[in-house]
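Take a look at this one chain, the form predicted on its own, written out in structure tokens.
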Amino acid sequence: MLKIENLSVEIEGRRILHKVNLHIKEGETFVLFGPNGSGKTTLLMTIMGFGNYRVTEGKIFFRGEDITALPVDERARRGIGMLFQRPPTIKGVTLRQMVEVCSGKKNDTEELAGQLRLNDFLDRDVNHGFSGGEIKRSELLQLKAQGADFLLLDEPESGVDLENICLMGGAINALLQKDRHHEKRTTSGLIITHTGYILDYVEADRGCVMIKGKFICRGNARELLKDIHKTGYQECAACQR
């Protein structure tokens, strides 16, 4: 579903990503670990097509189409959706209006919101006065409404309490069709995490560690997380996987 070849990216003249290669199959969930400032969010923002992230080398393919030069809205229309680590507050736009824009219809907004316990938030401005967990649930609600086929999840557990992360884990599993046999899943995901806590709730098929804009090692996501907890990210640079 997603294929990245030799991707290098600059922000304001400073290179952040260095020749990144990544293939994610249809129905696959891939998790990317790494310390803060390693380039994880830059990778997601580049895949989504935000303008401050300048591709200096390489290509991004989605379902076989070269989307490297496509604007954000065209990538969203093709089925790529993103949960932001720190989404903005949008005053003057209610969550209901946002969900209706994402879904293109009005008749299922209440039902979708109920799945994430957000009915009482629908007529409030997007994220205005929301807690950390409520903001992340709001982001998931928008993704559900969009019906995206490829999910970019930027530290979904960040700033979320235990009750909310349990609810979010269930919603993410539903979005990624974890109730289906692996071969029957059609939604893929790229999850980035610093702590790895999200893996207590969402199963990943493969994982990789990113340090200083480069992929250092790949393997089973839980085994990688176990090694990270044991030795820290400093030892990942010497990993021979």
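Note that residue numbering follows the sequence shown and begins at 1. Fair warning: this is a prediction, and the values are worked out from it, not measured in the lab.
What comes next is about the form predicted together with a small molecule, which is not displayed.
- Mapping the unseen interface onto this chain, I16 counts among the residues with a heavy atom inside 4.5 Å of the small molecule in the predicted complex.
- Heavy atoms of Q85 reach within 4.5 Å of the small molecule in the predicted complex, making it an interface residue.
- Within 4.5 Å of any heavy atom of the small molecule in the predicted complex lies no heavy atom of S188.
- The small molecule is not shown here, but in the predicted complex it comes within 4.5 Å of a heavy atom of P35.
- Partner proximity in the predicted complex, defined as non-hydrogen atoms within 4.5 angstroms of the small molecule, places exactly one of 195-203, 54-62, 40-48, 171-179 at the interface: 40-48.
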